[in-house]
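The chain below stands alone and is given in structure tokens; this is the form predicted alone.
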């Protein structure tokens, strides 16, 4: 289709690249599938694809590993999907402790290479085994290491971004991180690293209130809290044998008096949320950000649905809470599944929280998620007046946003 740029236009590949890990059946009827899946190999390829898209007024949707469940990679209007699998090169400036990476590089591949050089990522997602650099920056995620270093955007020095005007190097990271490709396509990122440090994981059986206190008691690297319902579900799904009690795990270079054996066992399974998400419709996720002072109340309210929750503590005293509700489709309707997700968000907002991300399904929440929303909206209209860069994501528009809004009102 464009000479020299790999692409796939067979129906199966187009279909597979038109979904993420959580596509609601009720909304599928409103989705188109990609017209073609491009696999750019270099920045120049991205520019050529954008040029054709602008000439033909065709939407362009960037795609990493599609490990998020917010619909950010779904080509709702069809168009070109940019699969960045082939743009996975990265290099390391060991002296400056900086990673220079293309968007398709996988976080865990990078971390293993860094460790061999005595370095480490500051933060990485719990989906690091498959999640890509461009995808996680585009979502501005929190994850492992966020207690010490915050979001991924706080650790990005600069970006190279392609749009219909060409390529630019940007240090104003807020114009792109969390914007899911709606304001430009990330082609390269410069990311701060840290020296590798041997750390240990310690487990403590404590209440949510005590967990908050302990997590922020010193300069720890990471802290996560698993409530008893979450551990019970984890044991049942993966045949684990972890004690079914509320448990805090702290990862630190300091010596602590917690259970190191249990702490290490739980820490080694920190990628569990990604595995359980991939179980499909039998598990209902809800993901929010809340002030840590309100964590105990949030967990109390959400537990009434028999949901299990995993909490990652983030600097500035906020928490990322991922809750799962086991769902038997023979007994519980899909409408109830959707209702749980909306209910979790309502509870979080009443407690001063917000959605973890927006994407397609929660684009109406962007004003709550993004502090500088109006500035970003103006920038979007300036840089993409025809709304061809990942349309209907982050900035709400179209029928799907209205449908979800109605569903939320009645939840």
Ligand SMILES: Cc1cc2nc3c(=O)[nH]c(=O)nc-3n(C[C@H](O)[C@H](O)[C@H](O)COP(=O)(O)OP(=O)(O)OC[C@H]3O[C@@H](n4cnc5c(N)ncnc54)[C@H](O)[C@@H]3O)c2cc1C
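Numbering follows the first chain given and starts at 1. Computed from a predicted structure; not experimentally measured.
One more form of this protein exists, namely the form predicted together with the ligand; it is left out here, but the text below deals with it.
query = Can you say which of 226 to 234, 261 to 269, 163 to 171, 136 to 144 gets within 4.5 Å of the ligand in the predicted complex, counting heavy atoms only?
reply = Flagged stretch: 136 to 144.
message = Is it true that 285, 355 and 396, all three, sit within 4.5 Å of the ligand in the predicted complex, judged by heavy atoms?
response = No: none of 285, 355 and 396 comes within 4.5 Å of the ligand in the predicted complex.
key: Exercise: residue 64 in contact with the ligand in the predicted complex, heavy atom 4.5 Å   = Residue 64: yes, in contact with the ligand in the predicted complex.
Residue 126 within 4.5 Å of the ligand in the predicted complex, heavy atoms = Answer yes; at least one heavy atom of residue 126 falls within 4.5 Å of the ligand in the predicted complex.
message = Since only the chain is shown here, I'm wondering whether residue 186 would be in contact with the ligand in the predicted complex (any heavy atom pair within 4.5 Å).
response = Judged by the heavy-atom cut-off of 4.5 Å, residue 186 is in contact with the ligand in the predicted complex.
request  = Considering only heavy atoms, tell me if residue 366 and the ligand come within 4.5 Å of each other in the predicted complex.
outcome  = The answer is no: residue 366 has no heavy atom within 4.5 Å of the ligand.
task = Consider the chain as shown here, without its partner, and state which of 80, 84, 298, 202 has a heavy atom within 4.5 Å of the ligand in the predicted complex.
result = That would be 84.
321, 73, 110, 248 - the one with a heavy atom within 4.5 Å of the ligand in the predicted complex = In short, 73.
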